[in-house]
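First, one chain by itself in structure tokens, the form predicted alone.
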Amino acid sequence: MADVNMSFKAVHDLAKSTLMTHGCDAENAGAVADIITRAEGDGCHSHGLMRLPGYVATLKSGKVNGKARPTIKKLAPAVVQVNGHNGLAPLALAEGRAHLIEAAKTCGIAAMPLIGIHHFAALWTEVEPVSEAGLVAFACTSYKPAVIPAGGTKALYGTNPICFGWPRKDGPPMVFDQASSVMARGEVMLAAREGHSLPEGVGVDAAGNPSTDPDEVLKGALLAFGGYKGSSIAMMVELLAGGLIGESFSFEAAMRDNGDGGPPQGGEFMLAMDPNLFGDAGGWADHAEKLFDKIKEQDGARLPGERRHTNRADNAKSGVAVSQIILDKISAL
């Protein structure tokens, strides 16, 4: 089935109007549409319009309050808590961002725990604006059990992505966003939708047998990247985005989730640092560029995120190729 070419505005309008039809107010719908549009524009289709039916499912089931208003509470000079009050994460992130940036530029380092949110997006869409403000940034979030701990046999951790952003003087920030699993669950879902097989070593079926069938892996579990190393990072995310901030671990989120297919209620942890306040105010940016130059000297090597920025520039001119299958699903909503 052929793809449909859509402008960024058309993607945004479709996402926003669909969410408002199913119970979001304009502010919440617009915030979600913003990150869906950014994902599509940067070629990250697994977190674009493909996620819209999941957002709608949470609204239709009553799990999410589509009119929630986040509240900000300063727990300490450098700790800004955002409570989403059972709403979707994008508005909570948008409301809290300026407070995090201000705290980091005042104290040198600041943290933003987000609680009571439903997170379903790529983390780079959230970290990049913080690094565009001149800050080094880190974020992580958990999900529902999808990844087997090293040596175990049952899914316990979420895919538990981590994201890191580094500001640059003469261009967009360097941002990487990666799951703690071998492959993000969204990429497995995309492979299932398009009928592609997975590489060896991505996951297992419901019986615990290795499988390259994405449908079977979605019924079973994913493997952590690098064995025990990725498993340890997944555990770290559980502790930062759950234990540290008083939110749920992945297995707890699953226990109280209604299984409507959308994101569970959980937490996110974000950290921001002002590099000008760490002792090398005059040189940190140029020093980092030396490392980036050395990386790019090697044939085939590139900085994380470069492909996204190329896609963003190209798609802004030519439009985004959206799967007709996804558009049909959205129309059926």
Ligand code: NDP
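Each residue number is its position in the shown sequence, starting from 1. Just so we're clear, the structure is a prediction, and the values are computed from it rather than from any experiment.
Below: the form predicted together with the named molecule, not depicted.
Taking the partner from the other structure, the named molecule in the predicted complex has a heavy atom within 4.5 Å of a heavy atom of Pro161. Contact between Arg302 and the named molecule in the predicted complex is found at the 4.5 Å heavy atom cutoff. Within this chain, His119 lines the site of the named molecule in the predicted complex, having a heavy atom no more than 4.5 Å away. Contact check for Trp124: a heavy atom falls within 4.5 Å of the named molecule in the predicted complex. The partner is absent here; in the predicted complex, the one residue of Glu27, Asp34, Glu289, Glu306 having a heavy atom within 4.5 Å of the named molecule is Glu306. Note on contacts: among Glu247, Asp257, Glu238, Glu187, the single residue with a heavy atom within 4.5 Å of the named molecule in the predicted complex is Glu187. With the partner left out here, the named molecule still marks one of 208-216, 171-179, 230-238, 71-79 in the predicted complex; by a 4.5 Å heavy atom cut-off that stretch is 171-179. In the predicted complex, His47 is the single residue of 28-53 with at least one heavy atom within 4.5 Å of the named molecule.
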